[in-house]
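Listed next as structure tokens: two forms of one protein chain, kept apart as structure 1 and structure 2.
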Structure 1
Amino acid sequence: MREMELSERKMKILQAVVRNYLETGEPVGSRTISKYTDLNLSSATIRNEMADLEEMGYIVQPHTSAGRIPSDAGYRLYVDTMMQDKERDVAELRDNLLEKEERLDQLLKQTAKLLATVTNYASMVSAPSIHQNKLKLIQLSRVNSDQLLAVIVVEGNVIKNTLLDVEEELDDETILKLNILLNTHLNGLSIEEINLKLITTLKAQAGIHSDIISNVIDAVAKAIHEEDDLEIYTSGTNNIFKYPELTDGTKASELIGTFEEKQALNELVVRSLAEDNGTGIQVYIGDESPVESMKDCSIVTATYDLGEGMKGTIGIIGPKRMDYDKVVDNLKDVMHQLDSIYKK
């Protein structure tokens, strides 16, 4: 019996039977299904639909109970449908992210150029990084007989893929139960909230597959805390030569090197985001600068927020005698424009 032969109502009832049986291990009756679905059907109607599903071979009725349990065919249809839905959701999420990232990439480059032009100083804009660290989704799927793929999605829709080794091939039902177990307990939590008590509970419920739980928790921690090198866009470096106090041969060379290598700018972004006091604006004058080569400069940074914990830094670097009012006004304007454009 193919999936297309099931009406939407029958499919929802089958899904409710499978989910309820996976959670309780007990045969499922029509009264339970009437409370478990959003179909608003009477128990009599549900009994008729379940009778049809039984005739189709998707559920069976044990001799010891009036309730039903899924057959192998029912499990298969449920797993195939669930995996198709999950794969489609993840694919759509990836497509949307790629489209947004491409647009954002161009927008940030243009922002850096604009700021350098209107201020006559050097500018930098960092791509957003994750700052909420909440888990949104875990999806385990089979790669081969001894490996699982763990797709981990955290706040900001950051996706991390991790391969997990397994000692023996897991069947679809086991993988399904592990997915339900992990997502039921972990979705919406930060790594700090995934404590020893919760891990112990998960391992106990996973039984002989507790080692997989440990590996998934490790992968989640890595995905949440992993910080790739930030993408940083710069512009207006040559503006530095407009200011005599910054044109000393050694100083200018070090400054240019900082903009080219960008590692120190990465540290500036991290420091600026950490010290954000709620106004979004940070000012570093002379020796206050976290970047050694910029001790003769002033740096003004602004934090932009794209939602879901995605934050980045816009910075202006110039002489200590820079026009602070103009710089702060420009940064605030750009910061608010980025916030509004991306959140549309």
Structure 2
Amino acid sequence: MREMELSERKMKILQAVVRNYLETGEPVGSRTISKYTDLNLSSATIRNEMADLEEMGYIVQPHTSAGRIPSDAGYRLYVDTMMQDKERDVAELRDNLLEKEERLDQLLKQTAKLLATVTNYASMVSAPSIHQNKLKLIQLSRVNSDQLLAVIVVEGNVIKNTLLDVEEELDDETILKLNILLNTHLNGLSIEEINLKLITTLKAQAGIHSDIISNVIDAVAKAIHEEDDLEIYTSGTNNIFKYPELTDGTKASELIGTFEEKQALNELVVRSLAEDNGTGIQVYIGDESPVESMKDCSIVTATYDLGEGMKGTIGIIGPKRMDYDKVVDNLKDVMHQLDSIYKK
């Protein structure tokens, strides 16, 4: 028994167990499989095979004398080797999404909503990170006698505003000069390229207004990195109530908390971006989850790429018995749409 290989038949049985459990959510018994599959075997035979599969760790019994349900390893095997492409019912999806919002945040919000509606699971969409982006425009304007408005535009047309306090009022001409100074030196540079030497040069040229330069640089750095910039949009979190296994005990509360905080979801985004294996799709089953409160869930993520280094993550969070085929399919589709939408 030790060096047992996974026979064709066992595969088929495991697949049947998973499929059936995904549909019903109930432990599935030998008799059911016996009819469900095309291999004509009696329930007794199936029982023997299932006993083997259990020993190998692919399925478990919730209790003696109940059917079997897939273990995490079972799901994993299924996802890795047994998924099949579904008929895509995604035409409709494409239509809906195509009303291309000009505002990126709106588009992403809408994407999250759409995914949640289509899949009946919870969804999340992270705004793209813009780390390695290049500065496109810096614009200072006087707004009060003691405040300057700094508008910072980076590649990809992401816009940031910051208010700067200044001691003495600056006249129009000075502001104009500062603007020219900043733009001629900084435009086209990424944040990493703005080094100390450059800053020193700028300060020297700014003369008595060198402190403003410091402020602006700080603002730029802050605007680009800005922690809270990791906007994450969620939708359909209440879909988890459709799956009892996610709502008993305090699980529901914890999940909802996680979705509301959004802080923890960032972990998901980071992991997902880091582990990108080429397909852009990642599946986390149960304990594999990067987020503590989702140990009873499965998570499927996709990485989209708007070009110019703007990458983000979209994800679906549902029960372990989620419809992996469909979810992966939907996710791929949305991912490709996002990829292409800004490559006009």
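These figures come from a predicted structure and were not determined experimentally. Counting starts at 1 and follows the sequence of structure 1. Here, rigid core means the biggest group of C-alpha atoms that superpose within 1.5 Å across both forms.
In this comparison, the chain shown as structure 1 is the form predicted alone. Comparing the forms between structure 1 and structure 2 on their rigid core, the Cα displacement of M335 stays under 2 Å. Core-superposed comparison between structure 1 and structure 2: the CA of L178 exceeds or equals a 2 Å shift. Core-superposed comparison between structure 1 and structure 2: the CA of I240 stays below a 2 Å shift. For S214, the displacement of the CA atom between structure 1 and structure 2, after superposition on the rigid core, amounts to 12.6 Å.
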